[in-house]
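In the form predicted on its own, a lone chain appears below as structure tokens.
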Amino acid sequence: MKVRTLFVGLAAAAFSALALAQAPVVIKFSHVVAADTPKGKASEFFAKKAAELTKGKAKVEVYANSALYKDKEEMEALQLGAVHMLAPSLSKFGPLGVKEFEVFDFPYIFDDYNDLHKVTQGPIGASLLAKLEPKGIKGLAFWDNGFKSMSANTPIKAPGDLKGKKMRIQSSKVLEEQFRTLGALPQVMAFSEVYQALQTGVVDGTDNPHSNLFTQKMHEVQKHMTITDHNYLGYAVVVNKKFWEGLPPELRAQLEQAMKEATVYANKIAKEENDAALEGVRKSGKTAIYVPTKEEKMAFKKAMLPVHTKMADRVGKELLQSIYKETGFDPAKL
């Protein structure tokens, strides 16, 4: 009887150990935008690819729309290991102490995606991601969202139209300086709170890629939008460094491949989704869309150019010059 009991116990223990060995590694991926935005779709694509390439050994759980953490909470949660993966907007790394990421907030520093990708997909981008490691964060990739348009309840056709307007921004010293330079009043606010703030008049306007504005229904509470393309909004996909380096090498390599494929997908759909969102705003009839003339756009560029000089020391003059060299941007020609 004792032998049988011992055998049953050993079998149960072996089965339990086998079940444990086969249990998938769960990766909690949190973000603050809607599931049907470029970032939302790319994170779901990554989850699907991770399951395929690891043959179920990794399970990525995606939590969209600030379901787990809001803007100000998510980075700390990542560092503590309460969540494993994020895709924060690049401005979020400034408050963390990696101020160099705020170079992406410089107005009109990228003319188009081609210029942008020379930086994000080249050695400059890799060196920026490496700066996160001392913070316990491993950078995996850059994902595009798009270029921003400005919105408010009054027309925006010239830089002076923003004077005195309370404009919602992400936490970024560069964005603060940008709107102050235009005579506006920058208001730092969590993304999840923007719709209500616009609706109640706590802020007068904001700036967003079209997909963010449309999916959060901001166009329902903004009467005017101008296609300024003044800033780029992108994301860095990051993981808790300790968690990532603790994964089996083979599993990590499979997840890295899934991330490569998700990045190609993310950057492909970014422009498509923003174009579709702009059309959605247009069809709604709730927001008047204004496209500046070449001369009007140049007026915005010239009005914001002082931000480059004022904030150069914050991100590092060498970094700024290296991006100018990579993209061919020449402030003297504006």
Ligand code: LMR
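Residue positions are given as counts along the sequence shown, with the first one as 1. Quick caveat: nothing in here was measured; it's all calculated off a predicted structure.
Here the subject shifts to the form predicted in complex with (2S)-2-hydroxybutanedioic acid (LMR), a form of this protein not shown in this document.
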field: (2S)-2-hydroxybutanedioic acid (LMR) in the model of the complex: contacting segment from 114-122, 99-107, 259-267, 85-93, heavy atom within 4.5 Å
entry: 85-93
- line: The one option of 240, 170, 215, 228 with any heavy atom within 4.5 Å of (2S)-2-hydroxybutanedioic acid (LMR) in the model of the complex is 170
field: (2S)-2-hydroxybutanedioic acid (LMR) contact at residue 191 in the model of the complex, heavy atom, 4.5 Å
entry: yes
- prompt: Does residue 33 reach (2S)-2-hydroxybutanedioic acid (LMR) in the model of the complex, with heavy atoms at most 4.5 Å apart?
  reply: yes
- request: Tell me, yes or no, whether residue 149 is in contact with (2S)-2-hydroxybutanedioic acid (LMR) in the model of the complex, where a contact means a heavy atom of each within 4.5 Å.
  value: no
message: Contact with (2S)-2-hydroxybutanedioic acid (LMR) in the model of the complex for residue 208, defined as at least one heavy atom pair within 4.5 Å: yes or no?
response: yes
- line: Of the residues spanning 219-244, the ones with some heavy atom within 4.5 Å of (2S)-2-hydroxybutanedioic acid (LMR) in the model of the complex are 233, 235
